[in-house]
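Just one chain is shown here, as structure tokens, and it is the form predicted on its own.
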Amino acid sequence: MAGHHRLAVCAAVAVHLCLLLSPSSALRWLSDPKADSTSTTNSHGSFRTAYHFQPTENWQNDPNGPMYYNGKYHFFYQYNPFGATWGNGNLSWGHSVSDDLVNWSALDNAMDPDSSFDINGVWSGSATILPDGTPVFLYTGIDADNNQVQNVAFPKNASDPLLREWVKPSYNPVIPLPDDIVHDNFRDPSTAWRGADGLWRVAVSAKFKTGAGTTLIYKSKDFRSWERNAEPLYESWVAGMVECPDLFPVAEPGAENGLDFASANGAGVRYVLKQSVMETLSDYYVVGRYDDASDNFTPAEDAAGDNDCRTWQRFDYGHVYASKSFYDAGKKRRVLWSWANESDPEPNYIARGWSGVQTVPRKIWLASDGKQLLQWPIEEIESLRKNRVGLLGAEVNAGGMNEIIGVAGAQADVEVVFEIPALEHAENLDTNQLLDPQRLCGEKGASVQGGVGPFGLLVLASSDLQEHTSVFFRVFRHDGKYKVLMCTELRRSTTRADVYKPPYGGFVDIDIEKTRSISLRTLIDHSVVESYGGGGRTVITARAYPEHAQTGGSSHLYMFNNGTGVVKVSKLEAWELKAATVNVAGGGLAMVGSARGGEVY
């Protein structure tokens, strides 16, 4: 479980975006001839999302135990049923079900803190599907002495496709607190997997009393008696406490299908190890090899600094944490969930009555070079698209900006491909700047004119542009090669001064000199902006709270170019997105009959 949540407040910086309104005669907009007039109005408040996962009210954080079971998707999550804050951490597992990972129906909590081994909180964990098809939870409980211990739970009736009731055996905890581990730093059991020796394994985050952060491996033949390995899966003295571990196999480079452990055969199979780092509140992953004979994981590339996972790649360079993947057996893919908490002051979300969203579920797979994961919104999100507009033959001149008209800017899906005719004006980049892309995005924001870029999108923009969130690329030259920086800048996202408005940034691993083009897809959902650069090589999620949305103003979309040369747009498609049905009262849960004690329910 995420150990705490961060709220930073930054003073507003009154810097106007210095761009010229410069519509080009080369623009040609193509509208969908069958435009859908279905309302995209958000009936739950201007900042509540329309298609991201949220409970109806109250606090949520880490995704827990997502799975595909008997034809339905199940999502469990850290939930405070009594208010919109984390409170004292005495949390439950919320539970919703779906047929498509987009529209969700809420069920009663799967687990509440009601036993001696979890009386002070049912914290994060995972789901595992046993060989006979029965699901089982491994989760962290905060016991009566405020120690963190690991427990199991089983469905009361495994034939119920909605899995509405769960039983916690009295023999819990199955993994008590070890003597050498800090009592409140022992948590977040992963999805279990079975080795060639027939024993189950699970990874658990911990911190030794000596100070090192670690991921321990436990083995069991029956999910009841667990024995710790002598050597950990991961250990670092410099990264501090890591949590929410995830280990999973991936298919060969370039193959988009997912793998579960049962199908990951052969010595050449690559694995991904992910850690969430409390110090930075960011998720890091590395591709490597896993040997289940020794339970050893070896990264494919050097991880400098005493196995410091903070040097690894990131799932998301923005505002997300505690990500969790699962194997979707229905569509043979691996799907990633992540939590994005609020960025405005606690009294604001207490007043709203809710806090925290989950990112859009993402399909993840290994890139063709075998070095990184690619991420993309699951295809089911496209079922929400309506009122398409397209663009042919566009150029965005230096200092130019063009509005994308015909879609509602607060609830949209935009895909654009930028072509770069010339690179000779790219700015030079020194090594220190290369090491901190987030800081570089702050220094070289959208309002700072560059050579090649910044160019990209302005989203959630007010009609007078006093408010806007910038999502953009900028090309630099370093050591004889070109580097593409991707940024999401929140400095002008709202006129409110009490909101956390940092820049976010990461480099995109593409050969821009060869391709001379780069793609951007941005999903906009009221207070969430998710952007995928270079076909999902770099992803940035941000939270934004534009004041104009609170006062009845509409949000606008623009393309812009604040570089010194022309940028071409070879493709642009934009859609409004209909609201999904997400945990609303009477949300259309399919009536599924299942026998229990002679009754149909």
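Because the structure is a prediction, the values reported are computed rather than measured. Residue numbers here begin at 1 and follow the sequence given.
Quick note: we don't show the form predicted together with 2,5-dideoxy-2,5-imino-D-mannitol (DQQ), though the next part is all about it.
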property: Residue contact check: Glu489 to 2,5-dideoxy-2,5-imino-D-mannitol (DQQ) in the predicted complex, 4.5 Å heavy atom; result: no
property: Trp354: touches 2,5-dideoxy-2,5-imino-D-mannitol (DQQ) in the predicted complex, heavy atom cutoff 4.5 angstroms; result: no
property: Proximity of Gln78 to 2,5-dideoxy-2,5-imino-D-mannitol (DQQ) in the predicted complex, heavy atoms at 4.5 Å; result: yes
property: Close approach of Ser343 to 2,5-dideoxy-2,5-imino-D-mannitol (DQQ) in the predicted complex, 4.5 Å, heavy atom; result: no
property: Segment assignment from 236-244, 480-488, 454-462, 385-393: heavy atom within 4.5 Å of 2,5-dideoxy-2,5-imino-D-mannitol (DQQ) in the predicted complex; result: 236-244
property: Option touching 2,5-dideoxy-2,5-imino-D-mannitol (DQQ), based on a heavy atom within 4.5 Å in the predicted complex, out of Tyr284, Trp86, Trp193, Tyr73; result: Trp86
property: One residue of Phe248, Tyr317, Trp339, Phe473 in contact with 2,5-dideoxy-2,5-imino-D-mannitol (DQQ), assessed in the predicted complex (non-hydrogen atom, 4.5 angstroms); result: Trp339
property: Within 61-84, the residues that have a heavy atom no more than 4.5 Å from 2,5-dideoxy-2,5-imino-D-mannitol (DQQ) in the predicted complex; result: Asn61, Asp62, Gln78
